[in-house]
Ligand SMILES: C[S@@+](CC[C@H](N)C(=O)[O-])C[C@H]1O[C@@H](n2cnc3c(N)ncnc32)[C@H](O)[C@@H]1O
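Below you will find one chain, with nothing else, as structure tokens; this is the form predicted on its own, and questions on how it binds or moves follow later.
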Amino acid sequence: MDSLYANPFYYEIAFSYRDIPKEVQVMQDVIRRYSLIPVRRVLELGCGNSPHMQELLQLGYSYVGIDLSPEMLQYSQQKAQRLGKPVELYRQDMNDFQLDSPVDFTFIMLGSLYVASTRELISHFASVNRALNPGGLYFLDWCVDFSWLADITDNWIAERDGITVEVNHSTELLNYIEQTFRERITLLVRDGNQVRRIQQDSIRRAIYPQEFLLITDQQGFEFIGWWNDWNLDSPLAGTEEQVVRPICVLRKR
């Protein structure tokens, strides 16, 4: 069975439901409201196929991306070459990385903060602190869990140029004390006469609000806020019936 992250083209189709220009606009609004420094150089953690790269480059930002998948990094590099824009892409672990020069804004998308332990979580925020200029922001999408671990299944279908990708996403609780769960993403791809099954299994640790606030404070970040469904007019109060794609913003002291 093929690995999900070794297939960036099909991955891109699978998650193409997002409104990328709108998401970049929200990030720009966050920068205007909360950044204490001018933003010229941005870093995407777990950049994958770098879906926001084109919009950011066109707005004049310098783009830096890190990921562990060589296939994803190659795909992103080819995308940048087609745009005729220089970018910096590095194969590094987001939980322990080092940049040659700092950035002004860091972001991570679609809950891609993959940690298996508290030690890794602390190391992650320490690495981000090293990479970010003082007064710069860390923007996190869907990385904080506002409900208790549960077994969840979600399905959707995406299409592009005659290619159909059926996606199944599921989570399975493993250990509620260690806050670990198994995440499985499966793609069933129909590309012409070819049918392929692509799957990725990961063991992850849930990240809850209070420990998130404690660890980020200890690692030198100021909490700015969190909002429901990418809407800066909908700050989370803890009484919502449903939390959908929450975003969170931190600022380096």
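Source: prediction; values computed, not measured. From 1 onward, residues are counted along the sequence shown.
Same protein, other form: the form predicted in complex with this ligand, not shown, and the subject of what follows.
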{"property": "Sole residue of E159, D154, E172, D93 within 4.5 Å of this ligand in the predicted bound form, by heavy atom", "result": "D93"}
{"property": "Of V165, M109, L137, V128, the one that lies within 4.5 Å of this ligand in the predicted bound form (heavy atoms)", "result": "M109"}
{"property": "Listed range touching this ligand, judged in the predicted bound form by heavy atoms within 4.5 Å, from 61-69, 27-35, 220-228, 205-213", "result": "61-69"}
{"property": "This ligand contact in the predicted bound form: Y11, any heavy atom under 4.5 Å", "result": "yes"}
{"property": "This ligand contact at K22 in the predicted bound form, heavy atom, 4.5 Å", "result": "no"}
{"property": "Touches this ligand in the predicted bound form: Y114 (any heavy atom, 4.5 Å)", "result": "yes"}
{"property": "Partner proximity in the predicted bound form: C47 to this ligand, non-hydrogen atom cutoff 4.5 Å", "result": "yes"}
{"property": "Complete contact of R40, P86 and F105 with this ligand in the predicted bound form (any heavy atom, 4.5 Å)", "result": "no"}
